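To begin, one chain is listed below as structure tokens, in the form predicted alone.
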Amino acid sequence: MKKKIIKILNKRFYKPISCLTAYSSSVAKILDGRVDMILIGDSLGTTLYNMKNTQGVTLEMMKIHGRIVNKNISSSVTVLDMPYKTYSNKSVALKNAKKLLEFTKVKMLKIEVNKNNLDVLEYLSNKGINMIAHIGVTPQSFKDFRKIKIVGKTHKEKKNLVNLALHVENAGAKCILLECISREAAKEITSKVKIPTIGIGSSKFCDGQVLVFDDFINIDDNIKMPRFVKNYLNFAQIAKKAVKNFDNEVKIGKFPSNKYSYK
């Protein structure tokens, strides 16, 4: 798996990196080997637990889902989010990182990075932990996701993001996730850093792309998706039709037939 990480994250052997999220064994089995990376993201807070943001996600949640997913992965590289306030300083971050890695056996950890916690990223990297740095829009900073807007449009914002990306690279990150960053900023960052960038809402100018699996298959058609989400399957529509058929067959006595019953 170490060779797999090196191959995927080596820009000299560039192939765009594909990444989707998984929080369960069933989804993990579907994704394994079909995408390069599988992210057990703290987006599970809003996706699975109906939270308004990701700040309520706990270390235990990430441990449980991380372990379940990783146990069902043999080919793809697994990445786990460190949740809100679990890496507030170097000692706390290392303690919690070790807990996550020992329990889940994932290959990489991801933290949201700004200029104030670069020392934490560098400290974890120096301890031999494969780290991904998440910059741009950092969801753990928001209580209200409706206030999230694209960053990197102004010259100052773009300059700050490029500088942060370079500092992140120097701090030892193996990869940078760019969220909701303008095309020009994402393009400049990707061209200037030697490590790969993976975008979500950050244009085609990244070295890879990630989406939340539940958004990707449109599991809930009552939610208004961000502009950057492409639906590759309308699961909600398909599932509703199947449920309607089940309900109808039960009511008319068609299900269960002898085929689905024991003698």
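In case it trips you up, residue 1 is the first one in the sequence shown, and so on. Being a predicted model, the structure only gives us computed values, none of them experimental.
In what follows, reference is made to the form predicted in complex with a small molecule, a form of this protein that is not presented.
When contacts are defined as a non-hydrogen atom within 4.5 Å, none of 36, 175 and 208 contacts the small molecule in the predicted complex. Only one of 209 to 217, 230 to 238, 66 to 74, 28 to 36 places residue heavy atoms within 4.5 angstroms of the small molecule in the predicted complex, namely 209 to 217. In the predicted complex, the small molecule lies within 4.5 Å of some heavy atom of residue 110. Although the partner is absent here, residue 43 lies within 4.5 Å of the small molecule in the predicted complex, judged by heavy atoms.
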